[in-house]
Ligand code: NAD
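The chain below stands alone and is given as structure tokens, in the form predicted alone.
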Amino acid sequence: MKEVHEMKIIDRVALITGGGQGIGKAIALTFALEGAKIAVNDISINEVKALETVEELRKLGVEAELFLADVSQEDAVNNMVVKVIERFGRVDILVNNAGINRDGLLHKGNLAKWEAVMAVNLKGPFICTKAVLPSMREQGYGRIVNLSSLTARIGIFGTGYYATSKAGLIGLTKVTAVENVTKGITCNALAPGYINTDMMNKYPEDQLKVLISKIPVGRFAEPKEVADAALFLAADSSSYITGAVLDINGGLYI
């Protein structure tokens, strides 16, 4: 009989930033179904939705807690990680999912928008990664998954702030990987394309049809498909994959 290798995250402690809704929530639920303990991070403005997510997680029979913190604020993140470790004993998995978007043309560049996007999308993952690495290095185990984007791979009109932040995140992924590979820590990135979320569905129907017509698979991705990819990279069995970027775009970028 063939030996079956399963993806294992049972009893692993996963800290998911921006985990109260959207893709972050999908990742939290997927990890919980595989037996992980979930530390949901979000900002105070999203507290109600985040608490609802925590209740959903607990109904699945796993331990889950909400930790409010702005990922762009170092002191807040450091305090959050201390509290997560006090509550769960350790952090095994970090998913840097929290992100914001501001559209704008570069020749009309708005510095305030640039700085806002960079603070959450790039500075945030740096601060969060730096906060969990000491304990991960000490325990000799860690999985870090960064949410990059299709916009980091191809030029998309009007996405200069967002694309640059997500491209920088790929660079952070690779350096984190190479600096921590001997400590049992992997760091990889996901680069999703267009996802079927509430935010995406706010665009006019004719615009959505144009976008879908360009995707070889002929549809947007479901949040669960991104979550399953995150699960793959967060699992014990992915120890030989580090510094990689996994594209999830239906063939739009190959």
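From 1 onward, residues are counted along the sequence shown. Just so we're clear, the structure is a prediction, and the values are computed from it rather than from any experiment. If you superpose the two forms and keep the largest set of C-alpha atoms that fall within 1.5 Å, you have the rigid core.
Same protein, other form: the form predicted together with this ligand, not shown, and the subject of what follows.
Note on the interface: of 177 to 185, 90 to 98, 153 to 161, 134 to 142, the segment with non-hydrogen atoms within 4.5 angstroms of this ligand in the predicted bound form is 90 to 98. Taking the partner from elsewhere, A36 is found to have every heavy atom lying beyond 4.5 Å of this ligand in the predicted bound form. In the predicted bound form, Q21 approaches this ligand with a heavy atom inside 4.5 Å. Residue contact check for T30: none of its heavy atoms lie within 4.5 Å of this ligand in the predicted bound form. The shortest heavy atom separation between V120 and this ligand in the predicted bound form is within 4.5 Å. Residue-level contacts in the predicted bound form: of I43, L66, V62, L208, one residue has a heavy atom within 4.5 Å of this ligand, and it is I43. Using a 4.5 Å heavy atom cutoff, none of E222, N249 and Y253 lies near this ligand in the predicted bound form. If you take 177 to 214 and check each residue for a heavy atom within 4.5 Å of this ligand in the predicted bound form, you get P192, G193, Y194, I195, T197, D198, M199, M200, in sequence order. The rigid-core alignment places the CA of N201 2 Å or more apart between this form and the one not shown.
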